[in-house]
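Next comes just one chain, in structure tokens: the form predicted alone.
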Amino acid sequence: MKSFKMAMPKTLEGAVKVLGFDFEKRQLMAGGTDLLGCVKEHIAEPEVVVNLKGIPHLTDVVKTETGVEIGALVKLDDLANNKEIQQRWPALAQAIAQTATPQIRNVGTVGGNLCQRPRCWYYRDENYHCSKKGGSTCYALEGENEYHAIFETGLCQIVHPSNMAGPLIAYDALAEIQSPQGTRQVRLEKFFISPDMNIERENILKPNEILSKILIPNSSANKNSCYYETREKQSFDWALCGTSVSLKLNGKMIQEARVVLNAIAPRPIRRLDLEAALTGKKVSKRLFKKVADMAVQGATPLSKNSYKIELLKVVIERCLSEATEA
């Protein structure tokens, strides 16, 4: 492991100043679970690590007139056990409860989970200078790709590793970003980017910007919401396919719908076509099967992950059924 210096800023403004303009030389630490792995694997070799733990209020969950504000350093376990989250935004609590292990959830943070780097084994192996690390080849195209993308395949075949991103997008959450110019807010679905926008990054953050909090609006609070994923084993593992839904029901009629898919593309994908197919329809298993069949149209599986097509259809149907108790 390459030695590095540790900076301990006391404010977000101070942290931004320390970061500078180079992703490689200066990196943020929240809970540290992902950064430590990247440093040990020589994927990251920062000269300075900017520790955010000394900045006040980043660990706060605050109820406001418009919704709830979640600091970037809120621990995953604390958020999953928050009664307000469990009652009003249950899909988020469900997703976090399936994240990693209890030990990691007690250390890992909201910001760290959303901004974690890909889990692709070629990216994580220092011996492969893949396209995401500035090389010219995505080794997953012709290699071991059973856990990789089936949508937006092309320049890079990673799948985004955060499962809590899906329900947050389904709840129309905002990301608040601290920059040298102050703070700005963006919809979380616009926070994540595809490889064709920037193959070496997974979100819109610039080198001197920090994800400081997540804001979930009251208008999205919904008991008829659900997160459902499937994975290879029930212990510590990442999702093979995941779905988040948030439905506004009038009896058995679906008045509004939001559908987000994860673990099947380099970013979480909100599916407007599936939302339109659900809106104005009566809850039924037949409808859910139709929507699931629609969801996989246009998929471009790799040589070893075509199983994800049928798996995704099952996950979508079960997620919709649980959200509506159909």
Ligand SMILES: Cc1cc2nc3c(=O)[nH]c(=O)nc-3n(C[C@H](O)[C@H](O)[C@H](O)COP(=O)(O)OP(=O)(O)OC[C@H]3O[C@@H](n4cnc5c(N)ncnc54)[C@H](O)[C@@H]3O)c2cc1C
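Just so you know, these numbers come straight off a predicted model, no measurement behind them. From 1 onward, residues are counted along the sequence shown.
Keep in mind that the form predicted in complex with the ligand is missing from the display, and what follows is about it.
Using a 4.5 angstroms limit between non-hydrogen atoms, D237 touches the ligand in the predicted complex. Contact between D34 and the ligand in the predicted complex is found at the 4.5 Å heavy atom cutoff.
Residue contact check for Q98: one or more of its heavy atoms lie within 4.5 Å of the ligand in the predicted complex. Of the heavy atoms in H129, none are within 4.5 Å of the ligand in the predicted complex.
Here the chain stands alone, but in the predicted complex its contact with the ligand, taken as any heavy atom within 4.5 Å, falls in 202-210 among 142-150, 202-210, 217-225, 244-252.
Proximity to the ligand in the predicted complex, taken as a non-hydrogen atom within 4.5 angstroms, holds for one residue of L28, I55, A292, V283, which is L28. Scanning L79, C115, C156, C120 against the ligand in the predicted complex with a 4.5 Å heavy atom cut-off leaves one residue, C115.
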